[in-house]
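As a starting point, one isolated chain is supplied in structure tokens, in the form predicted alone.
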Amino acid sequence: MRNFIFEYPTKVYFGSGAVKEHLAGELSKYGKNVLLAYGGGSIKANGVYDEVMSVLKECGKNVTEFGGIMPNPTYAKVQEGAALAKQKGIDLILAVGGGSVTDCCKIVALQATNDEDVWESELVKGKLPACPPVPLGAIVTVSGTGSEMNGGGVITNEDKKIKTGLFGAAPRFAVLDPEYTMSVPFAQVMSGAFDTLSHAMETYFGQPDDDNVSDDINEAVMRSVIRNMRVLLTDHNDYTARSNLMWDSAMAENGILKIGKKTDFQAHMIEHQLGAYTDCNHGMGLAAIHPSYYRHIFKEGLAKFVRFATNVWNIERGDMTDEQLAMAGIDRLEQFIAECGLPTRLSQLKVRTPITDKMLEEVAYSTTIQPNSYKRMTGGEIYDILKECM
């Protein structure tokens, strides 16, 4: 294990009925003005909005609504929310939805208290704005991103054609009720679950490869995600499976799996840039990219890919060489993606802009190169990966 410092800022309320049981207690810690943030309005159709609003009203809060947060939240939407929060003197931002809503609100919370442009400050000047953010709470309705567990928010700057992470407000508290995920379209449930698996893999395939407890826990999380996704294929509304996947999502991004590790996250960087150009679904984009990416790096991380095949996919070695066994694990991952009805090719994605060879080249050469991959990527190799994924 490498040296580390671990601190966990978010209080989690988990389980059926958690909003009714716990939200009022958290609301009592903050002032009267609450910004209620959500996405396209599905929470108004599935009853979540009414339940949350009833608690807000009982607590005497002045509620300002901030809706319409898109699946890949834009920097323009961040600025809209920040302006609203400033205008209304917001004391608490309450993000109700999936990772996109929470990601957007993390950066809204920071921009709302700072006149300096957050994007310019963090990505150009390399520093956080000086003023602390507006307090943030999250009520999760779509699990998978683990966004409620940290302070990072992935935002798309449409003008610059960049989708990347900014650091904002880590939620002070998060409410995770697996029943809230029941009304989410099943394809999104599976996409979110694969995002969880991706987060776990991106950490697992990071150095060091010596014996460490973080990788042992990670293998258990990955096996849990795979097992429970398969349960949902049989019974979409299995509460136990949904509750396990919801906590798997939290575990993959609350820092525990990353203790003492350097993480990869190169596949995420590739998908982020693809998303900046196409607005594709995040989890589905990751599903299409991961197997090809791993076929490009497995030889440099051979021992870990052998361990992945045997400990996560339970593949018996037989007379296979290390390379054959590692490849069998990657093949099993790709087969699982297809089994879950997720795309194995970029051509299967639903996108707003048709994917062309020129676009793939632009995506490849504008992708952030991560320093901790087993094999350091180049724009040319990422271009090859993307073409293979088509």
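Position 1 is the first residue in the sequence shown; the rest follow in order. Worth saying up front: this structure is predicted, and the values here are computed from it rather than measured.
Quick note: we don't show the form predicted together with 5,6-dihydroxy-NADP, though the next part is all about it.
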Y180 near 5,6-dihydroxy-NADP in the predicted complex, any heavy atom under 4.5 Å? yes
Within 4.5 Å, heavy atoms only: does T64 come near 5,6-dihydroxy-NADP in the predicted complex? no
Does any part of P73 reach within 4.5 Å of 5,6-dihydroxy-NADP in the predicted complex? Heavy atoms only, please. yes
At the 4.5 Å heavy atom threshold, is Q188 in contact with 5,6-dihydroxy-NADP in the predicted complex? yes
5,6-dihydroxy-NADP in the predicted complex: contacting segment from 121 to 129, 308 to 316, 143 to 151, 220 to 228, heavy atom within 4.5 Å: 143 to 151
Using heavy atoms and a 4.5 Å cut-off, decide whether G39, S42 and E253 all contact 5,6-dihydroxy-NADP in the predicted complex. yes
Among M320, L232, V184, I259, which has at least one heavy atom within 4.5 Å of 5,6-dihydroxy-NADP in the predicted complex? V184
Report the residue, out of Q348, N46, Q324, S28, that has at least one non-hydrogen atom within 4.5 angstroms of 5,6-dihydroxy-NADP in the predicted complex. N46
Could you list the residues in 364 to 384 that come within 4.5 Å of 5,6-dihydroxy-NADP in the predicted complex, counting only heavy atoms and keeping sequence order? none
